[in-house]
Ligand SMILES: NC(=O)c1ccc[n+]([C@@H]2O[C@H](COP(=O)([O-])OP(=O)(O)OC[C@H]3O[C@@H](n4cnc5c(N)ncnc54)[C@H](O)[C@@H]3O)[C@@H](O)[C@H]2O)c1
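Only one chain comes next, encoded as structure tokens, the form predicted alone.
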Amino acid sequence: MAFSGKVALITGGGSGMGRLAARNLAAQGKLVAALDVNVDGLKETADGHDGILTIPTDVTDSDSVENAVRRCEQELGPIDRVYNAAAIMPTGLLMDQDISVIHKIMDINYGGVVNVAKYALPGMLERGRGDFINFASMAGWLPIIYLGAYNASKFAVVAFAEVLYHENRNKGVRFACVCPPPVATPLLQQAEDNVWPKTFDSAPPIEPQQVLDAIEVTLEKDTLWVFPGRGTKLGWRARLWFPRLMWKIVHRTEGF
């Protein structure tokens, strides 16, 4: 287990990956601050799990994030680990999506990461310890039709996380940028409720625990990129080396 600290702060703690991470750590005796706008989801996350403090938080609101970080450290102690897991994934053609939806995706998926970094990371750097984990996606490397707005937000997270890591190397904090393929969490329901990219059918979604396990392995190696799932790293390399080929595959798959 890579986490030897005591206190974790998790955004998106009301469901999916954030919920699982919170429960896993609580089961190990850690103290967890679970943040989400979904108050009912937070209650479900904490139900039956001692050590989980639920803090209703809008990650797009910097004041809300600052207050959540302050409350976490006042009630639980200094933050030793952060999971930036809050995200939404409405799908659709870019010219069909409402402009407010496109902006909301960026505000949550990328803006939330920025807000948490600005308020949670300085204390970790000052103490010279901790783990700062940003959830990007393979969608932060592989753009596909129907996923343009989500792609843009995750490309932004990839760039932000990479520069953040290089600006703060050798300061005692370990960084991870997690880039999974589709994962079996409620996030996929948003695609089912809008437009399901046929590209998603190329392989079944991986289990969220696979992602969390891969994070621990990567942190132990003290490297930045986490590519959970079989063939994920190969897909990343294919995009870097053969971008035109990847787009031909996307067009053929989606029928464009």
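Please read these numbers as outputs of a predicted model, since none were measured by experiment. From 1 onward, residues are counted along the sequence shown.
Just so you know, the form predicted in complex with the named molecule exists too; it's not on screen, but the next bit is about it.
Distance check, residue 195 to the named molecule in the model of the complex, heavy atom within 4.5 Å: Residue 195: no, not in contact with the named molecule in the model of the complex.
Distance check, residue 58 to the named molecule in the model of the complex, heavy atom within 4.5 Å: Residue 58: contacts the named molecule in the model of the complex.
Residue 38 within 4.5 Å of the named molecule in the model of the complex, heavy atoms: Output for residue 38 is yes: heavy atoms within 4.5 Å of the named molecule.
Contact of residue 154 with the named molecule in the model of the complex (heavy atom, 4.5 Å): Flag for residue 154 set to yes.
Heavy atom within 4.5 Å of the named molecule in the model of the complex - the one residue of 188, 53, 224, 214 that qualifies: Only one listed residue qualifies here, and that residue is 188.
Partner-proximal stretch of 133 to 141, 116 to 124, 93 to 101, 72 to 80 relative to the named molecule in the model of the complex, 4.5 angstroms, heavy atom: The contacting stretch here is 133 to 141.
Residues in 3 to 42 close to the named molecule in the model of the complex, defined by a heavy atom within 4.5 Å, in order: The stretch touches the partner through 12, 14, 15, 16, 17, 18, 36, 37, 38.
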